[in-house]
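Consider the single chain below, provided in structure tokens and representing the form predicted alone.
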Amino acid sequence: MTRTLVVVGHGMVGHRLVDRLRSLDTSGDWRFVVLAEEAHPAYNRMALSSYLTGRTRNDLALADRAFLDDPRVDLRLACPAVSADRGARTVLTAHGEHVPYDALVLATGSRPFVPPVPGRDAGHCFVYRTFDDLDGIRRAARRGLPAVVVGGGLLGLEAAHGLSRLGMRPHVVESAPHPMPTQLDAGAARVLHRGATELGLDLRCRTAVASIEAHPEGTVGAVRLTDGTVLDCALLVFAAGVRPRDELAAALGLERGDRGGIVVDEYCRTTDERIWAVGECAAVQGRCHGLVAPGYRMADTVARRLAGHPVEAVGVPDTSTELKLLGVHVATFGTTDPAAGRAVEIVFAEDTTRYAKVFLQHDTGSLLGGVLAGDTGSRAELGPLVGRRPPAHFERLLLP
């Protein structure tokens, strides 16, 4: 007998789950109803900045023709879920339809956080999340005019770089002491800051937006910072983090984490054995993860469980990163928390062009992890050394 899996959300993780279960379900036990909030099938949100500067929606699409034409897949675009009933095992859509399920996966992702500052509703103020957001930014961008990006994390720096390539003059406002405070320490951030400056970005750290001032016609005209600075601004982008989309938890009577997110166990299942949550909306043992790699691991775990395959617990997610940002190579690998395992820190640095810091177990000398920026070694070379004593040529791996 065919069972129905309803997936709420068709982002990267929701798509991964359905695609994975399609391949595992060789006997055709499952049919899939995917309720997508956006009017487009899943796309690579990690590469969204490239859409701002020339790539097309098709270039970023994740759903291929085999997926879209699969008779088992009922993909409903621009059809978000607004409520659900555990007793009846149905999901209510914005169009008023009750969709029955045998299993339900919540893959609703997250929403951009907009700080509650006066003037935030002015025209030409955007978030940086979807194709539609970037279409609005591209229409509003004007060469030579100043722009402000609120948030100096990865997304904020990408947004600023994109605005720069559109010909605008971006300021980046970050309340932390340095950019990318979640991933990088001060030494690595100095290398990144140098790259930003060379690209014409103005990074303003240790301050925040106090208010937004609009022109008489209603569009943003200036931004006042908490340090008293006033920045002219023709376009503003909020990239100050995200919050999990966990609204359906209330309708389903499911527990939410202390910091938001739908609470699930180490296998991504809620307290209802028919309901799972994956991706940014899922609080795995109380904690949400805003990276795609842990989301994919969650999706694979649930797909295997639904297909009747053996599964392993999601476990501690791999939060290692490696990317080229503002022309600067940055990477983290292994454990980068200096408190973990009573680590010993060793820093290798050469002015602001490259930086490497590693953490070693204090008693065994084994490698715990590290932070890299600039012309350094790669995570691919260094990651496999975690848990072992570094080799004699370790410094050459760090600083080729």
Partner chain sequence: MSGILVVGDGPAAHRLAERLRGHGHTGPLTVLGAEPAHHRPLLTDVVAGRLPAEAVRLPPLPDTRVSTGTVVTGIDRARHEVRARQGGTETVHSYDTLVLATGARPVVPDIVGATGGDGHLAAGVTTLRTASDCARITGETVVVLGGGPLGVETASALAARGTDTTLICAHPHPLHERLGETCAALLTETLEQAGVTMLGGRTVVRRTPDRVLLDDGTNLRADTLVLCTGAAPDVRLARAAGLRVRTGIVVDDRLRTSDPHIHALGDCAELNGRAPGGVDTAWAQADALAAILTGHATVHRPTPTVFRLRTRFADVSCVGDPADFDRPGARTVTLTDQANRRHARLALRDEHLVAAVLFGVPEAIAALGIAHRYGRPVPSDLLGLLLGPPARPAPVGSETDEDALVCLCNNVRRPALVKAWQSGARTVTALAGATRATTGCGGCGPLVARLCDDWEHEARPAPERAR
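Take the two forms, superpose them, and find the largest set of C-alpha atoms that agree within 1.5 Å; that set is the rigid core. These numbers come from a predicted model, not from an experiment. Numbering follows the first chain given and starts at 1.
What comes next is about the form predicted in complex with its partner chain, which is not displayed.
Visitor: Quick one: of 68, 61, 46, 346, which gets a non-hydrogen atom within 4.5 angstroms of its partner chain in the predicted bound form?
Guide: None of the other options qualify; the answer is 346.
Visitor: With the partner left out here, check for me: in the predicted bound form, does some heavy atom of residue 392 sit within 4.5 Å of its partner chain?
Guide: Yes.
Visitor: With the partner left out of view, is residue 40 within 4.5 angstroms of its partner chain in the predicted bound form by any non-hydrogen atom?
Guide: Flag for residue 40 set to no.
Visitor: Does residue 360 make contact with its partner chain in the predicted bound form, using a 4.5 Å heavy atom cut-off?
Guide: Yes, contact at 4.5 Å.
Visitor: In the predicted bound form, does residue 350 come within 4.5 Å of its partner chain, counting heavy atoms only?
Guide: Taking the distances in the predicted bound form, the answer for residue 350 is yes, it comes within 4.5 Å of its partner chain.
Visitor: Only one of these stretches, 24-32, 328-336, 350-358, 53-61, has heavy atoms within 4.5 Å of its partner chain in the predicted bound form; which one is it?
Guide: Of the stretches listed, the one contacting the partner is 350-358.
Visitor: Answer yes if the CA of residue 362 moves 2 Å or more between this form and the one not shown after aligning the rigid core, and no otherwise.
Guide: Yes, the C-alpha position differs by at least 2 Å between this form and the one not shown.
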